[in-house]
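This document starts with one chain, in the form predicted on its own, laid out as structure tokens.
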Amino acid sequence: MREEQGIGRHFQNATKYHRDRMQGHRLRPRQAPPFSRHENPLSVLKLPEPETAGGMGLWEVVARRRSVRDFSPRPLSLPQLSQLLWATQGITATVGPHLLRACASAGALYPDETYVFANRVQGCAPGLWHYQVQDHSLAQLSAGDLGDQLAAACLHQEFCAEAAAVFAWAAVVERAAWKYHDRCYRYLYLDAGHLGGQLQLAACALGLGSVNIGAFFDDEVNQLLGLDGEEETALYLTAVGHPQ
């Protein structure tokens, strides 16, 4: 007797594309804005301009990349944080009205927003920050050391508190659902995977260590990010710091 399908297999089957069922696939009437902005942040921090040339060669970076879970107390510099943000979500080209970014995204919709839990970053107060892509800046959403709370929310993985910073990506679902409907959920996670992989390479190129995090209590991480978990929800995190 065949075992009953779990939710994961049902999701995979329910979001398949079929050649004979594509004609009904239509855009929704209204597209969600491509960027999120916070109207009343605690503060706004303009980031240093990123480097766009030089640095460690790609093949060397690929060969050296490893997941790192033991971090030293040494803080990140603000230029390092700037470089990491640019290397994942920074604007790299303009094509008509479209601002293209460093990392690939399905349909160039970029539904995944970047948040940073700054534990120890020179020139950046501890707390939760949101990356404002359009002007390469950070908006502070909450103040204070959130490292222990984040570690507890990530299944008590203590390196979340020991890392200098933890990046968190959360999907604005309607930004992709406008075009892809239920299929968008596949793309939200694929986009987050691209971001996590690219951040790890960028961290390695700067001599930093990192580790991607997929295991967390969703509601607790969403609460720390101030998200409802439905219209916008946490998908993936990456801890970054100087290796021990």
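It should be emphasised that the depicted structure is a prediction, and the values quoted were computed from it without experimental measurement. Heads up: residue numbers just count along the shown sequence, starting at 1.
The following text describes the form predicted together with a small molecule, which does not appear among the structures shown.
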Of 31-39, 59-67, 172-180, 201-209, the segment with heavy atoms within 4.5 Å of the small molecule in the predicted bound form is residues 59-67
Any non-hydrogen atom of Q157 within 4.5 angstroms of the small molecule in the predicted bound form: yes
My question is simply whether L47 lines the interface with the small molecule in the predicted bound form - judged by any non-hydrogen atom within 4.5 Å. no
How about G214: is it within 4.5 Å of the small molecule in the predicted bound form, going by heavy atoms? yes
